[in-house]
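Here's a solo chain for you in C-alpha cells, the form predicted on its own.
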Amino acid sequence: MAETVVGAEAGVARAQTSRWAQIKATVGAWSFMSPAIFLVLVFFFIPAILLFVLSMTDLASSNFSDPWTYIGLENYRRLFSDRFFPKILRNTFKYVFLTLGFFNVGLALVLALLTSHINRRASFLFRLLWLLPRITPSVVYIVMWRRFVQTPPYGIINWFLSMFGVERQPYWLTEMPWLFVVLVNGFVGASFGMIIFTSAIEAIPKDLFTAAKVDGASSWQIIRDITLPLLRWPLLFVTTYQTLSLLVSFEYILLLTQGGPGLYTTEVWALTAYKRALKTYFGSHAWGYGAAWGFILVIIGVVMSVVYLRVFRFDELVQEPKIDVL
C-alpha cells in the first residue's frame, strides 16, 4: 500500500515538473518573440486600424484641423463605383506579376545560380554591378532611363537604332510604357532576390553537390533535384516580401510616367491612393477617401501572403525534422 502511495506521489511530481517545464518553455518562446510582436503591433496592426478608422470619415484638411465626421462605408462605395477602378486593379496585378515573375524572383534566381558557378571574385564584381540600380538615388536613376528613351537626337536607344538605319524613332514611353515601367522597377528588385538566393545557395553543404556529380548528375539535374528544393524558404520569403513591396511601391512610376501616358495607363493602386489623399488636381486633400484605397491594398497584401503560405506549404517548412531514434 505504501509503495502505491509513493508511486502516485512520484507520478504527481513528474506531472507538475512537466507542466512547469512547458510553462517555462512557453514563457521563453514568447520572450524571444516579444520584440517582433511589438514591432508588428506598432508598425502594422495599429496603423492598419487607424487607416480603417480614417477611411470611415470625410477628413479632407491638410493639417487634420477639421473634425472627423463619420460617414460609414461611403468612401468604399465611392471607390468601387469609380469607373477607373477595374483598370487600376488590372494595372496593379499586371505590374506586380510581370515585375515579380521576370525580375524580382525569376531573374534574381537565374543570377544567383549563374554567379554561384563562376569564379568567386568575378561573381562578387558581377553582383556589385547589379546592386548599382538599388543604391543609385531614385531621381538620378529615372533621369538615366529618360535619357535612354528620349526622342531623337537625345535618346540613346534611338541613337543606337539610327546606326542600323532604323528611320522610325518614337518616344518609347508613349509607345511602350509598360515595358519600361517593368524594366525600371525590375532592375532594382532583382538585386535583392539575387543576394538572398546566393546566400542560400552558398549555405547548401557542398557534399551534396559532390555526391551528385559522382553519381553522374548533370548541372541541370543538380539544380532541379538539390538546389531548388532546398530554396523553398528563400523563395517563400523573397516572393512574399517582393509582392508586398511592389503592391505599395509607386515611386519610380510616379517619376517615370506619373501614371500615364494618357489616362491611368500605368497607374497602380498605391499611386492612386497617394493622389487621392495627398495630390489632387484642385489642391485639396481627401484623406478619408485615400485611406479607403490604402486599406483595400492592405487586404490585398494579406490575402496574397496567405496564398503564398499555402503554395509553398508553410506548415511543412516549419515542421520539426524527422529523426530516427535507434
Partner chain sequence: MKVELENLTKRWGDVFGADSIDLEITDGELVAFLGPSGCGKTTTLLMVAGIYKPTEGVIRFDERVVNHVAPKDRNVGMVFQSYALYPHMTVFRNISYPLKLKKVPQEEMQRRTQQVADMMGIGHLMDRKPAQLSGGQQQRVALGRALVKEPDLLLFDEPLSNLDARLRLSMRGEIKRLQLELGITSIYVTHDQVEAMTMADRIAVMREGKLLAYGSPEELYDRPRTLFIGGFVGNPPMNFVDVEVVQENGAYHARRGGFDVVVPPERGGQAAGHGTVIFGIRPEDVAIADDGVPGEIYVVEPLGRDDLIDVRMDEEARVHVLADPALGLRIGDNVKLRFNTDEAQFFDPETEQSLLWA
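Residue numbers count along the first chain shown, from 1. These numbers were taken from a predicted model, which means no experiment stands behind them.
Same protein, other form: the form predicted in complex with the partner chain, not shown, and the subject of what follows.
Residue contact with the partner chain in the predicted bound form: residue 230 places a heavy atom within 4.5 Å of it. In the predicted bound form, at least one heavy atom of residue 221 sits within 4.5 Å of a heavy atom of the partner chain. Interface residue remark: residue 94 is not counted as part of the site for the partner chain in the predicted bound form, having no heavy atom within 4.5 Å. Proximity of residue 82 to the partner chain in the predicted bound form: non-hydrogen atoms within 4.5 Å are absent; the residue sits far from the partner. This chain appears without its partner; in the predicted bound form, the one residue of 226, 71, 176, 236 with a heavy atom within 4.5 Å of the partner chain is 226. Residue-level contacts in the predicted bound form: of 110, 212, 132, 143, one residue has a heavy atom within 4.5 Å of the partner chain, and it is 212. From the list 134-142, 212-220, 110-118, 246-254, the contact stretch for the partner chain in the predicted bound form under a 4.5 Å heavy atom rule is 212-220. For the stretch 121-146, the set of residues having any non-hydrogen atom within 4.5 angstroms of the partner chain in the predicted bound form is empty.
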